[in-house]
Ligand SMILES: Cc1cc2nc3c(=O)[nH]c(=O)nc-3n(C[C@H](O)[C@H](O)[C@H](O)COP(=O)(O)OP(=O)(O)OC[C@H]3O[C@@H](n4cnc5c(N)ncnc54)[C@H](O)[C@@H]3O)c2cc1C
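Just the one chain here, laid out as structure tokens, in the form predicted alone.
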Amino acid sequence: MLEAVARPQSARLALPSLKGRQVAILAGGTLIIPAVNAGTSGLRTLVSLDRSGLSAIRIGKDRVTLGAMVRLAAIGREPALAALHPVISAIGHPTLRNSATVGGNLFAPAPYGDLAVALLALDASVTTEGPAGSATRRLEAWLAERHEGEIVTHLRFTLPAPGALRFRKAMRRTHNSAAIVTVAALLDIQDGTVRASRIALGGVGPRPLRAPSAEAALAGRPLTEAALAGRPLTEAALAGRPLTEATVRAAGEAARADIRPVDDAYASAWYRRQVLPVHVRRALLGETSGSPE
């Protein structure tokens, strides 16, 4: 049974409260509070960060800093963050987005955490406050190896060029549903050719994942269907083609090599593996709206 809620004035001041047992950080509460109300959380103490001064959005010339307590709805209202608006609108319903936070989204278990997928594609960095002081790591490394006793304070990333971030979420219902498959892709396209890419996936592994096999199918060497069939690429095939249907299909098929889907209430692992190439292809082609299955 919940016994106390601490409300420290900073992340540093919150650290001592985390040393006890049956303690958890409270950010937006969209996941913890239902469990507390149901009596299934097993928690005795919550450490709320609502007074910790982590609710600011700072936008520089091309660099963005988001406090961990920034609400998803605030991102959706910020014109300079328009690249993330399709991501935000695909997450839950307006009431949930008024509560859910940037930091909390990083801890959402699969198949939730769609913003984390987009931030991974953007190569965001995450800053934490812990017993050893502040630390900043790439989000990809942090997701792979979170450190106990740390508090996420900020996320930082470079604003993408217009149209460079592409996002698609496939889900069972239009609103308030976890992902079957989430795809976020950051594309560097020059002269009609994909020079580099970062593709991140959600709903197909224990956490947001990069898809290096799909990226290899795009970056610098656009593949053709002939290449997929095992025939050697000719110099003409490698000369630099635009993002073609064949290229995006190749990336979608290649992405299967990078996933570890599981069965859950929303879809089976088999189904996720089957539909992944479709949604990778649609994301790359700019079909960004979330759509129910």
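Throughout, we count residues from 1 along the sequence that is shown. Remember, it's a predicted structure, so these values are computed and weren't measured experimentally.
This next part talks about the form predicted together with the named molecule, which is not shown.
Novice: For Lys169, is any heavy atom within 4.5 Å of the named molecule in the predicted complex, or not?
Specialist: Lys169: contacts the named molecule in the predicted complex.
Novice: So in the predicted complex, is the named molecule close enough to Ser177 to count as touching (4.5 Å, heavy atoms)?
Specialist: Although the named molecule is absent here, Ser177 would touch it in the predicted complex, with heavy atoms inside 4.5 Å.
Novice: So in the predicted complex, is the named molecule close enough to Ser197 to count as touching (4.5 Å, heavy atoms)?
Specialist: No, Ser197 sits far enough from the named molecule in the predicted complex that none of its heavy atoms falls within 4.5 Å.
Novice: Give a yes or no for Leu96: in the predicted complex, does one of its heavy atoms lie within 4.5 Å of a heavy atom belonging to the named molecule?
Specialist: Flag for Leu96 set to yes.
Novice: Only one of these stretches, 210-218, 103-111, 197-205, 73-81, has heavy atoms within 4.5 Å of the named molecule in the predicted complex; which one is it?
Specialist: Heavy-atom contact with the partner occurs in 103-111.
Novice: May I ask you to choose, among Leu186, Ala90, Ala124, Leu143, the residue with a heavy atom within 4.5 Å of the named molecule in the predicted complex?
Specialist: Going through each option in turn, the one that passes is Ala90.
Novice: Among the candidate residues Leu31, Ala246, Ile57, Val36, which is the single one with a non-hydrogen atom no more than 4.5 Å from the named molecule in the predicted complex?
Specialist: For this set of options, the contacting one is Leu31.
Novice: Could you run down 253-286 and flag each residue that has a heavy atom within 4.5 Å of the named molecule in the predicted complex?
Specialist: Not one residue comes within 4.5 Å of the partner.
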